[in-house]
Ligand SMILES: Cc1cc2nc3c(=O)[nH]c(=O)nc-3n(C[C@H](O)[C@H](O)[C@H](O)COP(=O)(O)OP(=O)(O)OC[C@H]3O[C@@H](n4cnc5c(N)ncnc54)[C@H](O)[C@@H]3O)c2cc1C
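Encoded as structure tokens, the following chain is the form predicted on its own, with no partner shown.
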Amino acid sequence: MLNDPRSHGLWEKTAPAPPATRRLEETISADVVIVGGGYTGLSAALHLAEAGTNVVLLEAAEIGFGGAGRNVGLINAGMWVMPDDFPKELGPVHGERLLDLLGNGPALVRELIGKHAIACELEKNGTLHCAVGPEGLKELEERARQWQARGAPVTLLDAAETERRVGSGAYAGSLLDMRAGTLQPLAYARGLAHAAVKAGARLHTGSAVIGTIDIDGRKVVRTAAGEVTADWIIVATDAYSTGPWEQVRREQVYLPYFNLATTPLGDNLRRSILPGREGCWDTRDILSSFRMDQAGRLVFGSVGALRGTGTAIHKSWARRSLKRLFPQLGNVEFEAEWYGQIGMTDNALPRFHKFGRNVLGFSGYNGRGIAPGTTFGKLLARHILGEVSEADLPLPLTEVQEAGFRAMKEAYYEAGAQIAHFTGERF
């Protein structure tokens, strides 16, 4: 996107086209204006439009430009933190409510894909959280215990079954989550956009918001060439926030993440590596993720940015890692490479903020945007429609607080990933 092949890589090459959109260049009126064309904004637009609401969505760049079009494509249930930590952080009411909502998040994604016939390479065979060594297995045993206590369909697999499913003997075991799966993330975002337009939503790209004011009790949202007057504003910009809601970005610390896609593998390799097409990631602090796309490309990623010295370092590390994990691959050729930024909150949980009367949004998905973004978008729509009260939302209202030592942490993460990957897999 924007003539940068490293922004969306394979996903831009293989996603169906987005709906035709244009820059906002007039003054219009709506019931709700949504700022941000990722999963949250598109889901909110779709559900509001289906309810007969006059909704306008403004996207600064293109549909799915932020994390929605760059991520690995894992449809996960929950967040990074352990299930029992939700009520510890949020209290028993909000904690269990959020766990239930996010645990069912992948089901909503599947429902929308089926209802709107979204072509996004959906795979329903679950995900595998892979244990690195005894400590990794111990972590997964505890995670399995906590989810199973809540009735979740997760199963702890031994090393042999993990090797059969992954095609690598590198792991001590894995946690299979059958709620989860994979998809082509940009294709899913564009599919939501098509569905929202069909339902009556108006989408404008290349329309960054530069300011807002209140006039006679209504909100006026201004871009460089137009404006929208509305009763409500949904802020759905998350980690890529700029302009009036840049504080949402400042509340999060950027963690860079890159992905590399091989050329399509031959039939024999596809039968031995992820034959069930589960999406995978491991328990390392500087984790790795891998999954197969529909054409048989192995998509492999980790923490780091493909810029400056990082480009060569991370690609060289990826080749060494793939050789160790899957020696049957031989020499690896990458046909696409891309990276983006994961916004991390201080407790790795999302936030609910109000920025004024009838101006609100969820943010802070911590690398788990597909199901939570879709779910929170629907929830915002239901709240505006009067179907869900603020007291019944899964997160308490909090003030935006800038992350401490943010710039220092971001520099540390990017440099630390380079150091780890420069030395990793060499011995």
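None of these values were measured; they are calculated from a predicted model. Residue positions are given as counts along the sequence shown, with the first one as 1.
As for the form predicted together with this ligand, it is not shown, yet the points below apply to it.
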{"property": "Position in contact with this ligand when the complex is considered in the predicted bound form, options Thr309, Asn104, Thr242, Thr155, heavy atoms within 4.5 Å", "result": "Thr242"}
{"property": "In the predicted bound form, the one of Asn71, Gln184, Thr262, Thr162 near this ligand [non-hydrogen atom within 4.5 angstroms]", "result": "Asn71"}
{"property": "Stretch in contact in the predicted bound form with this ligand, which is absent here, among 391 to 399, 22 to 30, 45 to 53, 368 to 376 (heavy atoms within 4.5 Å)", "result": "368 to 376"}
{"property": "Thr283 within 4.5 Å of this ligand in the predicted bound form, heavy atoms", "result": "no"}
{"property": "Ala236 within 4.5 Å of this ligand in the predicted bound form, heavy atoms", "result": "yes"}
{"property": "Contact label in the predicted bound form: Tyr171 to this ligand, heavy atom within 4.5 Å", "result": "no"}
{"property": "is_contact(Gly340, this ligand) in the predicted bound form, heavy atom dist at most 4.5 Å", "result": "yes"}
{"property": "Partner contacts in the predicted bound form for 202 to 216 (non-hydrogen atom within 4.5 angstroms of this ligand)", "result": "Ser207, Ala208, Val209"}
